[in-house]
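Let's start with one chain on its own, the form predicted on its own, as structure tokens.
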């Protein structure tokens, strides 16, 4: 088997003082933090589409990056060579999981039957590589948004023929995920939304989406898929109004259509900020509802208002995120998938390693510091004290639903004047700064 990354050996942990750009400074897979190793906490995954298919193209020019596996004789050969390159990279970087869309795992065929045949061939080779390299499929999904047929959506398309085509794609993707032992299956509804209400039946489209997800859930369970189905919130781009805008919106949708037991959320950093939220906010909302399923790790550009999918490097953002994840007890069968792409002018093979090393180190450092900050307990103690008036007496009765509005109002009338209690936000931010 040829080497696609011959200049890079397996990336090793060398410690914070290391100057080697191809070594980890903070990510030590076997280091125990709390009750688990770093590898168990972080469950890093590589995004197949960006890492092995992203060519650096943008609206103003074609791609700048080429891949050696593109030179295969036919589509099946190219897919197998691409898998070889992907698994070589993942083994060298030390990632134990990967994620794919159907049509970045293989090239879409002229017919659904041809595409399914290619998927089956690629899955056979992927299964062999997974076993040989000890790498698992974190999740699979279907690209039901790129092809022009999906310009008006997939599950929510007003044309039934498109909905049926999407179902065939999703069925094959679920079958492949099951065959490869995938831990989760993701739905990203990039085109599930609308541009104008003038030509849209909003109620009907949401009901169609719920029906489609229910059918996919039922099919998966019938065919021995035991993992979670994940929905990835995003507010806009490419659709102006997307039906999965943010965590709260998706949770409301899942509750409305009785899907909470089988579905969870895959939270992406850049999607959270596009929705006007912080990453830790979106994580906390999902955690509170018991549906924090997995993470797509990246970041946006503060000067750009779109999804730039850069590798995560912000220490404060990641520290706060890891604090939420640790309070949640982890991310279960989910993971941290680097849904991020190297920049258009990063054209060397080593650049893909630099990007992942930086992201993995940033998360590892955030994990270490978030755990230490929580062990110290300064913020946790303050928050507990701030809400202590609800731990006893009438405050406790209020939380337990043992007061009527009239009783609560009478308490307010009798208590008289009281002192304001500071939220001490600046103090709390200073506490966080000590751990960045």
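Given the structure is predicted, the values throughout are model-derived calculations rather than measurements. Numbering follows the first chain given and starts at 1.
The form predicted together with a small molecule is left out here; the points below concern that form.
Checked against the small molecule in the model of the complex, the candidates 101, 365, 208, 118 yield a single residue with a heavy atom inside 4.5 Å, and that residue is 101.
Just one of 317, 88, 246, 307 comes within 4.5 Å of the small molecule in the model of the complex, counting any heavy atom, and that one is 307. Stretch 134-142 is the answer when you ask which of 107-115, 193-201, 134-142, 342-350 has residues with heavy atoms within 4.5 Å of the small molecule in the model of the complex. In the model of the complex, the small molecule sits within 4.5 Å of a heavy atom belonging to residue 271. The closest heavy atom approach of residue 188 to the small molecule in the model of the complex falls within 4.5 Å. Contact annotation for residue 296: at least one heavy atom lies within 4.5 Å of the small molecule in the model of the complex.
In the model of the complex, the small molecule sits within 4.5 Å of a heavy atom of residue 232.
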